[in-house]
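Listed next as structure tokens is one chain, alone, in the form predicted on its own.
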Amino acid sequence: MKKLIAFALASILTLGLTACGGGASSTGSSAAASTAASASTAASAADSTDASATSGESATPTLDAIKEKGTFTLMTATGFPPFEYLGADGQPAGVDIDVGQLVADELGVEYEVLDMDFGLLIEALKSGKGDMIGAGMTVTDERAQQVDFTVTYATAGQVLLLPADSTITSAEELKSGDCTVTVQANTTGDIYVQDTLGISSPLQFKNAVECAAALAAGKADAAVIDSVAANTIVKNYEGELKVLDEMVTEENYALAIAKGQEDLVEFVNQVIEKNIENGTIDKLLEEHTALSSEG
């Protein structure tokens, strides 16, 4: 799922279409077919618009409902700095929290944050308890079957967090089964440890902060957590913990929205893209990395 050493804000992926060349007559036929297809598509779009206007249906039903409600609700799982953590006032703070605020501001509505266990987020979204998940969530095929993801706003991967005096130099060493490994439950780190390393019963905690605390207390030999969180957390354990340079997975982070809400996905994509381009998300990462490392 999540975190820093090789953290980089992701570029928005653009799909390029390429075609193999043919003869002159083939090219002419393709152009004619393309023109006909474009005309057909335009006609269909016009018919669809007319039908919507006639039936009184809105092209942005989800956005309309949020505006009518007057509140945009983000669901998160604190304990994953700098993306989400409890601030000095005891309230959720972090990159994802601020991105949610950007969306609410663009919508012109109030903003609220619901903090819960990471493993409950997707079901809570599907049941309508909130409008979006912002929890440093990694895009996976399995999750994409349950929710729709926005464009990627950050990339990271899983790394090993270790006691400072550990002699472990690679994740491969954990396959022996002689080490106790801790993970954040229901994350890609948890999946990696069980499926790739073959450790069927890792020591599970509800967030990365608790994994680090268990490691520092001598309850585990290693933690597999996201790189951004690992490199932020280790600053709070100066001289006690370290992060290996090895990135054992590469992952994309995105926000999650319930299926069937394409208008909200498109709207949030626009907000993310604008704030990547103007440098706002970069600044949020820097600010919250510093804030969540204090003390």
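Computed from a predicted model, the values in this text were never measured in an experiment. From 1 onward, residues are counted along the sequence shown.
Omitted from view is the form predicted in complex with arginine (ARG), to which the following refers.
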Checklist line | Partner-facing stretch of 104-112, 212-220, 75-83, 168-176, counted where any non-hydrogen atom is within 4.5 angstroms of arginine (ARG) in the model of the complex | finding: 75-83
Checklist line | Distance check, Leu161 to arginine (ARG) in the model of the complex, heavy atom within 4.5 Å | finding: no
Check: Heavy atom to heavy atom, is Val95 within 4.5 Å of arginine (ARG) in the model of the complex?
Finding: no
Checklist line | 4.5 Å heavy atom contact, Thr150 to arginine (ARG) in the model of the complex | finding: no
Next item on the list: Could you confirm whether Gly100 comes within 4.5 Å of arginine (ARG) in the model of the complex, counting heavy atoms only?
Entry: no
Next item on the list: Let me know which residues along 208-234 have a heavy atom within 4.5 Å of arginine (ARG) in the model of the complex, or say none if there are none.
Entry: Asp226
